[in-house]
Ligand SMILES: C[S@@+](CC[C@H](N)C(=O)[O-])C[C@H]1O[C@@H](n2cnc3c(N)ncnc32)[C@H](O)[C@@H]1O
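Next comes just one chain, in C-alpha cells: the form predicted alone.
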Amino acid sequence: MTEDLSDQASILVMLKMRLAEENNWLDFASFMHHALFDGTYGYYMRDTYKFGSRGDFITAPEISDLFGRTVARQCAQILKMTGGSILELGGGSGVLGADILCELDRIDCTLNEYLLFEPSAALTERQKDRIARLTPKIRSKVRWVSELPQNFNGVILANEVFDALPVHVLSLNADGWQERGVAVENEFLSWQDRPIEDQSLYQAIDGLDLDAPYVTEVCLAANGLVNDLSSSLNFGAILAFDYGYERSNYYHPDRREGTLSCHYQHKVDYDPLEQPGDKDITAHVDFTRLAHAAHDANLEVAGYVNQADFLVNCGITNILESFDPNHLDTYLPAASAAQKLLSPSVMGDMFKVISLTRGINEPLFGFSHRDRRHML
C-alpha cells in the first residue's frame, strides 16, 4: 500500500509539472496519454496485474480459449490467401496469442511468424512468461517487435486497442462547443473548458444536432493508428475488436454524458482525474471514424458485425460441440464462457468487429451473416 501511495503521489507531481509547463491546462487527450503511457508511472507501463480476476478488468481472451480458437479460424482463412504472419498490437497478458497459435497448429495452418508489438516492458514480460509455456515448435514462431513492420503480409489483430487511445473531450453549453481539459485548482486536478483551437475537432462535431448540455469524446489518435497500420500492411487484413458504436449511436442525444469510464479492481467509475495511473481510462470506439480513416488510407472496409455474429460465423458453436457434454468438468465451463462471449447483455452486442483489408478479394466468413457496414 505504501508503494501505491508513493506512485500516486509521484504521478500527481509529474502531471502538475506538465500542467505548469502548459500554463495550467492540458487537453484531455494529453492528460490521458500521460496517465496511461507515461514511461514510469503510466497505468499500462507499471508492473501490476491488469487482466483477469487478479486485475482490473476481463477481456474476451481471458474468459476462455474459445475466443482465441475462434479468431484463429478467421486468421487461417486470411493466411491461406496471403501467406505471411500475424501481428498482434498490445498483446495484453499473451493469452490471445497463445490460444491462436495453438489452434493454428491444431488445424495445421501455415504461419511464418507471430509478431507482438507491445510498448509496455511490464506487459512484454508477462507475454513472454505465457508464451514460454507453449511447446518449442509453437513458441519458436513468436517474436516481439518495437516498430510496425514494413510490407507486412497476413493478419493484424487489435483486440481492445482503439478504446485505450487518448481522446479529446468536448463540451456543449449555452455558448457552443468547447474543449474540456485538465487544470490544477487548489492543489487538486479539475476540469476546465476552453475554446476549441484544433480544426480537426471542429470537423468532428460538424453537423451534429445536439442540445446543451452535452459531453462527448473525439479520438483523433484513431486516424493516426489506422494510417500507420495501412502503411505497414501490404496484403492482408486488419481485424479490430472493441466496444463502441456507429457514429449515429455514438453521438446520440441520449448519450449526453459521453462514454469515458475508468476501471479498477473490477469496479467502474467515471472520474479519470481521481487516482490517475492506478486505473484504466477508456472510451468507446466510434467505428464510423475507423471506417472513414480506412477509406482515406486506401483500405477497404470488408466487414462490420457484432462480436456474437463474428464468433458464430467463424464456428464457435462447432468448437463448443467438440466438448463432451458427459464430461461436465470441461463442458460446463466452456458452455458458460460461450454464453458470456455471445450474450447481448454481456459482450455479444456491445463489442464489435471491423475488418480493414488490402488486396483481399474473397469474402471473409467472419462477416458472412448480419454484416452492418450499411450502418457506418
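Position 1 is the first residue in the sequence shown; the rest follow in order. None of the values given here were measured: they were computed from a predicted structure.
There is another form of this protein, the form predicted in complex with this ligand, and it is not shown here; the text below is about that form.
Judged by heavy atoms within 4.5 Å of this ligand in the predicted bound form, the contact stretch among the candidates 301-309, 69-77, 159-167, 265-273 is 159-167. Residue-level contacts in the predicted bound form: of Glu88, Glu179, Glu103, Glu217, one residue has a heavy atom within 4.5 Å of this ligand, and it is Glu88. Screening Ala98, Leu123, Leu239, Ala291 for any heavy atom within 4.5 Å of this ligand in the predicted bound form leaves a single hit, Leu123. In the predicted bound form, this ligand sits within 4.5 Å of a heavy atom of Gly92.
In the predicted bound form, this ligand lies farther than 4.5 Å from every heavy atom of Ser64.
Although the partner is absent here, Pro119 lies within 4.5 Å of this ligand in the predicted bound form, judged by heavy atoms. Using a 4.5 Å cutoff between non-hydrogen atoms, Thr59 counts as a contact of this ligand in the predicted bound form. Counting a residue when any of its non-hydrogen atoms is within 4.5 Å of this ligand in the predicted bound form, the hits in 21-48 run Phe37, Tyr44.
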